[in-house]
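For reference, the chain that follows is the form predicted alone, supplied as structure tokens.
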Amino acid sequence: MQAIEAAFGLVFQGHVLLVIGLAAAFGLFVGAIPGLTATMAIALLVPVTFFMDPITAVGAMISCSAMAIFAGDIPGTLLRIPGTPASAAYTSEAYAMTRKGEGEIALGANLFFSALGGLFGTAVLIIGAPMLAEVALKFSSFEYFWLALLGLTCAVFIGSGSATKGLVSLFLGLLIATVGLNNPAGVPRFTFGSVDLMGGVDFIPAMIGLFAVSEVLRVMVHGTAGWSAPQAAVGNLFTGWGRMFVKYWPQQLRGNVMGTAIGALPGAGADIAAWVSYATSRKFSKTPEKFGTGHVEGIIESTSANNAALAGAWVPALVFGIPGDSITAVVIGVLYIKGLNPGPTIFINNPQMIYAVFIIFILANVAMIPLGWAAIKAAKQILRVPRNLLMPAILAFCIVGAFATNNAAYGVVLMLGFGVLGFIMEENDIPIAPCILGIVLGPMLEENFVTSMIKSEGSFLAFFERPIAAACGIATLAIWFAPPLIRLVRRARSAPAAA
């Protein structure tokens, strides 16, 4: 009890709350700019934290990252430009709602369920951190291989068209992911003698090109006939919160659980959590045909997951000092600088610091409602700009975002190339989302497969020898083969009846 009282004393100080508020505003700003990720926002904060005490520094990073993950939903919903990779999974869905005149419902759902997801992840962090960390540490290359394969299987469900076109898009993304030196053998692949391509295809310019530049090209070719400012009006963001919570609480809870679990796995993070949750939502939905046309169900589940994953990533970071994602990797470095070595001993030696972290997580997610509401109200003015003026401005922002990833023109060239590719894919009804998923998970799949094969000396049975790996493997194979087997059984039963 004394540690909890001390934690409240550490957090509820004027200068600490001021820094947390300023960091939250900074996170909203950075997250809403395409190309500037939540990790980049945290990295930009690091030099400033050198002059802060430990709790102030950690508080700034927690509030900044929470706001940045949510803020990525704003440009994704209004302009079809995901502000962060964690928002890419449901960008097309949210944008479709805006075009139908339901922008306030999409943004309201993003805001409300982002906050709820963050609070759920925080509750799990408080109650079950040691237990979850123990499970996460049992994941080896075998488990991560099946996790990546399970994520890639989602490509069949996230595309609104046929499964064949979804697989075409997925394999295209996997092919793109093989470019460069970033492979287990360290051999240049598909670089064609280009020094820039040796570093691989940067995900951020590719994402901006596929989503945003393709939309600019579409408007250039087809005009603005399908868009009008009144359609895109954003009204009361609080509309339907109670109704959505009552109707979609199973989806929200499932997204929270899945997001926290995936976030707690080192190296997984909010991006994968959002993709898997969106695909799961579509797979188990009673109205899967509505997905891709502007349906809030998938948005609720995936936006809950990516914010829950943010807190989940702190589980292995605090308990064992192992980063759950790129954000906590930066934070762990700051903790060491401040003399707070993360690990089991921190719960014994500095319990007030851990409780302070929990309190800051709760504050950040509660503050997300008013701050997010203000950010959305400011951002909605973009929709008043005529499309023929808005599109060049969007292209300019895309160029800035693509250039900022590596401070090189190479990012801009990549972005424009992927913009053309995205336009061609959409003109032929090939979904973009599976391609993005392939680029994200391709390296993880290959690295863990090769590592596992080396460990097992080429034995495929080793992928099923560990309990967690076997469960993940059986689940993945069941998703693959159960539907065709069920269809064959039904045909076999119906054949005698017809005879």
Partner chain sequence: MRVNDAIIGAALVGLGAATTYAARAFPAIPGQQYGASVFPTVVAVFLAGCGLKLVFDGVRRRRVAEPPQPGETRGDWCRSGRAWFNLAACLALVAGYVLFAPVLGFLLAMAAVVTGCCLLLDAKPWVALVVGVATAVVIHQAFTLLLRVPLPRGVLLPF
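Because the structure is predicted, anything quoted here is derived from the model rather than measured. Residue numbers count along the first chain shown, from 1. If you superpose the two forms and keep the largest set of C-alpha atoms that fall within 1.5 Å, you have the rigid core.
Absent from the display: the form predicted together with the partner chain. The rest refers to it.
*Asks:* Judged by heavy atoms and a 4.5 Å cut-off, are Val168, Val219 and Val450 together in contact with the partner chain in the model of the complex?
*Replies:* Yes: each residue has a heavy atom within 4.5 Å of the partner.
*Asks:* Might Asp429 be said to contact the partner chain in the model of the complex, defining contact as any heavy atom within 4.5 Å?
*Replies:* It does: once the partner chain is placed as it appears in the model of the complex, Asp429 has a heavy atom within 4.5 Å of it.
*Asks:* Against the partner chain in the model of the complex, would Phe190 count as a contact residue? Criterion: heavy atoms within 4.5 Å.
*Replies:* Answer yes; at least one heavy atom of Phe190 falls within 4.5 Å of the partner chain in the model of the complex.
*Asks:* So in the model of the complex, is the partner chain close enough to Val246 to count as touching (4.5 Å, heavy atoms)?
*Replies:* No.
*Asks:* Since only the chain is shown here, I'm wondering whether Leu150 would be in contact with the partner chain in the model of the complex (any heavy atom pair within 4.5 Å).
*Replies:* Output for Leu150 is no: heavy atoms all beyond 4.5 Å of the partner chain.
*Asks:* Just one of 53-61, 450-458, 66-74, 470-478 has residues with a heavy atom within 4.5 Å of the partner chain in the model of the complex, so point it out.
*Replies:* Checking each option against the 4.5 Å cut-off leaves 450-458.
*Asks:* Check each of Leu363, Leu340, Leu172, Val257 and return the one that places a heavy atom within 4.5 angstroms of the partner chain in the model of the complex.
*Replies:* Only one option qualifies, and that one is Leu172.
*Asks:* Since exactly one of Ile127, Ile424, Ala374, Leu253 fits, which has a heavy atom within 4.5 Å of the partner chain in the model of the complex?
*Replies:* Checking each option against the partner chain in the model of the complex, the one that comes within 4.5 Å is Ile424.
*Asks:* Ala66: CA shift of at least 2 Å between the shown form and the other one after core fit?
*Replies:* No, because once the rigid core is superposed, the C-alpha of Ala66 moves less than 2 Å between the shown form and the other one.
*Asks:* Quick one: once the rigid core is lined up, does Ala25 have its C-alpha move by 2 Å or more between the shown form and the other one?
*Replies:* It does not, since the Ala25 C-alpha is displaced less than 2 Å between the shown form and the other one after the core fit.
*Asks:* After superposition on the rigid core, does the Cα atom of Ile55 shift by at least 2 Å between the shown form and the other one?
*Replies:* No, Ile55 moves less than 2 Å.
*Asks:* Based on a C-alpha change of 3 angstroms or more, tell me if Ala396 and Met97 lie closer or farther in the model of the complex than in the shown form.
*Replies:* Pair moves farther apart in the model of the complex.
*Asks:* Work out the direction of the Cα-Cα change for Ala212 and Ala68 in the model of the complex: closer or farther than in this form? It's 3 angstroms or more.
*Replies:* Distance between the C-alphas of Ala212 and Ala68: shorter in the model of the complex, by 3 Å or more.
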